[in-house]
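We give structure tokens for two forms of one protein chain below, kept apart as structure 1 and structure 2.
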Structure 1
């Protein structure tokens, strides 16, 4: 048995020899540009003085981790980060899928193309521009949103100075900006579904709704699961620049997130050790999240990252 297995392995190695030649270049790339610079992580465990030795003076162990793990402000900020990420995931993740499915029901090829192209326009606005648009829409003096609200209620809302509104504003602007863009993948996946399946279903008398449930959604399921797993892994990586441009001290209670907190901390000092430690902490959580999601995906569906 053992020998057979080795033989089999050997045979596979030989079979894929050419593919090894192919994959060696990207692997060298990963080593060189992703793994080599990782030595920078040692900073999280070393005392660093700005401007002096780039990788710190001496080992301090978990000093920086203790520093933030025992800091009340840190946990408040961490809670904000987590809440914003979770809400964002729940809302922003399914919408592009629904959009792609709805778009798929548009019969006219030209309108389909047109809607698709237009829907991904906002992706190309830089964060400053998007924040500028948000601010002018929500402005109590000139914004259309407040004019509508005033018409109905007679009052105005200071959206940007109300802690309760921050998450809504952040998430909806994200949906607006990235819905069309994120839908592209699903649209591409939809085009991979075999037309014959639909034809067969129609002969069987399945209506459009049933076709969607039984053919379309299973057809894009692998893409959905991969994207979901990655979205969970990346959920803590919140668009930092947008928060920075949107928030002000009065809404810190909901808007202050890990990245802005660390950024403020290091702004007039290159507080590298502390921020590296926080970053490492965040990375670990992300990795655990990804791993868990992938584990569930593998257990309960046919698709997973590995």
Structure 2
């Protein structure tokens, strides 16, 4: 029996060897950049001195956690992160679903492919390119948005210098960049709904709206719940690169978030133990959010991550 299993495994490896090779790089990436750095968490509990032991000199317990929990700047940053995350979730999460439902109503295959291609394209722009586009459009001197505003009102708006505009700019740029890409899962789920259900509903006299409410949305509900659970778990993990490239000290009051705070404390000021403690706290909050959302999904629906 053991010989037979060995032969079967060898045959499977020989047949699917190239496919197995494809997962080598992702596994190496996960190990090197996700698991190995986890040992660095010890810095949150050790005193670190620049230029000396990389993982700190001696244990200090919860010293750095107490420091940021009593730091007013930290709580301002935490508030900014929470508000931006909640607003982003409320606006950015349902839009891909609505987009997928609208795209599903288009009968022309060529039109559907064209719209899909145009909507997917921004996802492949680098963050630097996206921020460059944003700055060009909103520039007070040459930006087309300000040109239009000046034409109608005679004034210009310093979008990137006014704290009140930061969240709006960030969220709507996120919607533009990721709407089409995030809709892929819902489009795939829509293609799996049995057409016979729609035919039966039409015979019963249901219009398109009722078909959407009673067939389409329940058909993609498992996908919606899973994506929502993951989105809540990642609420605090806002796009660090975009915020870093968009913000400046003049708009710290709304733009400074946990990731930029960690970057500034750790890389700019060399407080590695303090920034590690803040980063660990952020990860723990994200874990609690993920577990809580999954618990509610499992309790009140038939779908959950585990």
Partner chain sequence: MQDSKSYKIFKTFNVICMACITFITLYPFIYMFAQSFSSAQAVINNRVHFLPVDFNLSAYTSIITESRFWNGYRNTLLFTTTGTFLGLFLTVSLAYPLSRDDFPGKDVILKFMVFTMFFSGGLIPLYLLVSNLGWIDTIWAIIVPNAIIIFNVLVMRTFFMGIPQALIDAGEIDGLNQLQILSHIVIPLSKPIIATIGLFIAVQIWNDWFSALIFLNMDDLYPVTLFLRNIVMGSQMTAASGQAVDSSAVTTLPQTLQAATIMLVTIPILAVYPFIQKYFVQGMMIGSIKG
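We call the rigid core the largest set of C-alpha positions that still match within 1.5 Å between the two forms. All of these numbers come straight from a predicted model, not from anything done at the bench. Numbering follows the first chain given and starts at 1.
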{"query": "Of the two forms shown alone, the one predicted alone", "finding": "2"}
{"query": "Relative rigid-part rotation, degrees, compared between structure 1 and structure 2", "finding": "45"}
{"query": "Rigid core superposed, the C-alpha shift at residue 39 between structure 1 and structure 2 in Å", "finding": "3.5"}
